[in-house]
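This document opens with one chain alone, in structure tokens, the form predicted alone.
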């Protein structure tokens, strides 16, 4: 009896024997390897290829075999073009107006409103705001063209401006910049709305209840509790939407084709490199224009990280040990 008890006690104190683990390297490496390969192939490689092509005179005349290295020749030519500065300011205004008033501003406003009303009503309201994003680009832009058209087809001119004695012609040529901001803004607001809504609803409820007990108003709760808690989502949405606006041109291409002062930088790169009317594609110059977009995106990202104090966001949380 004593021997069996001793053997059982010894068995309980002994550590279980597991098969020896193979030394296959650090675990983090294998977890990050798929994402790293995807990033290298689909993000870094296109940038490198673009930079290489921008240093050549590759076009439909030279083909893919008779091109020559020109170094910074395309960039020097880009600086000498009279439309460069104009298109740069058009792009900057387009990005800032759309970002501030819609992609971040309206998205945050919708998220705040829909999280402070009954849940079912807020869910329905957010679902309605998703319609511009899931609607095909051609159908969505055609709706805006009909709204801006002259009577009797124009919705705005026929039903609003004409009865009030306002202008009755096509509104698009004279207000093209406003329309490209509206068209892209209503699409971009839905993305930020989803991110901000999830961030607001993930805030600990005891903090929100404590603020109500302390007598904080809704505006004070937004200012001192909600906004500081969603700095990460604000940084992400601002950076992502800025890069998206810099590089997207589909809606502008369908709506105006770049006419009436709406040829933003990305659309200009597309027209020069891939969509010339006479079939003369200037791959080298188009790649140089696209490379400038990469530099602009990096500068915007660095500016946002400094404004949102990115280093402080990366600090480990402080946990009090009792």
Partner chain sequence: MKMELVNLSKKFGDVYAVKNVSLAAEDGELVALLGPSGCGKTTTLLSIAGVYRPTEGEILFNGLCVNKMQPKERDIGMVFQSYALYPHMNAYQNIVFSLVLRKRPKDEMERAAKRVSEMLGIGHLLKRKAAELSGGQQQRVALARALIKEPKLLLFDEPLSNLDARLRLSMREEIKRLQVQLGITSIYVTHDQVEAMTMADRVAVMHDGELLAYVPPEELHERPRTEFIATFIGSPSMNLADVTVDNTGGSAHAVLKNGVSVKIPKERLPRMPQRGNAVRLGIRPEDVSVVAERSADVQARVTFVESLGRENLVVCDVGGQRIQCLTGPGQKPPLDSTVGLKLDMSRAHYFDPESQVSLLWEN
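Keep in mind the model is a prediction, meaning the values are calculated, not measured. Positions refer to the first chain, counted from 1.
The same protein also exists as the form predicted in complex with the partner chain; that form is not shown, yet it is the one meant from here on.
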{"item": "Per-stretch contact check against the partner chain in the predicted bound form, the hit in 109-117, 199-207, 236-244, 136-144 (non-hydrogen atom, 4.5 angstroms)", "value": "199-207"}
{"item": "Distance check, residue 211 to the partner chain in the predicted bound form, heavy atom within 4.5 Å", "value": "yes"}
{"item": "Partner contact for residue 225 in the predicted bound form: the partner chain, 4.5 angstroms, heavy atom", "value": "yes"}
{"item": "Exercise: residue 163 in contact with the partner chain in the predicted bound form, heavy atom 4.5 Å", "value": "no"}
{"item": "The partner chain contact in the predicted bound form: residue 216, any heavy atom under 4.5 Å", "value": "yes"}
{"item": "One residue of 248, 229, 84, 175 in contact with the partner chain, assessed in the predicted bound form (non-hydrogen atom, 4.5 angstroms)", "value": "229"}
